[in-house]
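One chain comes next, on its own, written as structure tokens: the form predicted on its own.
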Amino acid sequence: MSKSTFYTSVGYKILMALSGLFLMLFLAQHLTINLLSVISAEAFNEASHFMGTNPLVQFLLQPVLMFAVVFHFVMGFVLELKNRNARTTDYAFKNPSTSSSWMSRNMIISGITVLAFLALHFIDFWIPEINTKYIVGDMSGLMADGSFRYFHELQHEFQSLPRVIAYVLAFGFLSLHLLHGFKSSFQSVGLTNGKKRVTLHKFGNVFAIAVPLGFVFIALFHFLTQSH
């Protein structure tokens, strides 16, 4: 590998890591707002309306988020192809588990699963939201009875058992993706030495389990608390 190729590869990994860390912050913020739906429908409606109508969120943070999602997954596929093309040894008769974890060898699988989930999530929430606000032209967020629609729409999506199962499975794969991705992100930006490495590793494990589990809890809560 030439020096320029090496630095290019390192640069890609750093950009991949930074986009991943940004998306982790978004996950934490998204979970915080969604947890309000378990505590108070009114609080969830107020928070959702603010996020859905705030110009800074809609016209700055949302485009940045969309770019980060696309960039992260495209870069992930590019790096995976580069890694496969760079291998010169045939591992067909070796056991890869002796040198790497299942998660590190299958990030592409978990990534595709998470990407499929995002497509489902966009179909369920983002596309209807964009249609309501910018095609229909209704920025009020209100239903016919004068109440905000956000909590009602959230519950509606979790009435279907197959849909809930799909969400639970997707968040399971998200957890697997984060378990390896979090560690790799900090390694790529050089935060892997001594006590700092141990602390970040523990924090990453907690984050990778707690955040997806929180989303699973929300989906199950709304499914189980509705009459079917």
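Please read all numbers here as calculations on a predicted model, not as lab measurements. When you see a residue number, it is the position in the sequence shown, counting from 1.
Keep in mind that the form predicted in complex with a small molecule is not shown, yet the notes after this line are about it.
**Student:** Are any of the heavy atoms in Gln62 no more than 4.5 Å from a heavy atom of the small molecule in the predicted bound form?
**Tutor:** No, Gln62 is distant from the partner.
**Student:** So in the predicted bound form, does Pro128 come within 4.5 Å of the small molecule, heavy atom to heavy atom?
**Tutor:** Result no; Pro128 lies far from the small molecule in the predicted bound form.
**Student:** Please run the contact check for Ser184 against the small molecule in the predicted bound form: heavy atoms, 4.5 angstroms, yes or no?
**Tutor:** So Ser184 counts as contacting the small molecule.
**Student:** Using heavy atoms and a 4.5 Å limit, would one call Met107 a contact residue for the small molecule in the predicted bound form?
**Tutor:** Yes - in the predicted bound form, heavy atoms of Met107 and the small molecule come within 4.5 Å of each other.
**Student:** Looking at heavy atoms inside 4.5 Å, which stretch does the small molecule contact in the predicted bound form, given the options 160-168, 174-182, 198-206, 42-50?
**Tutor:** Looking at the other structure, the answer is 174-182.
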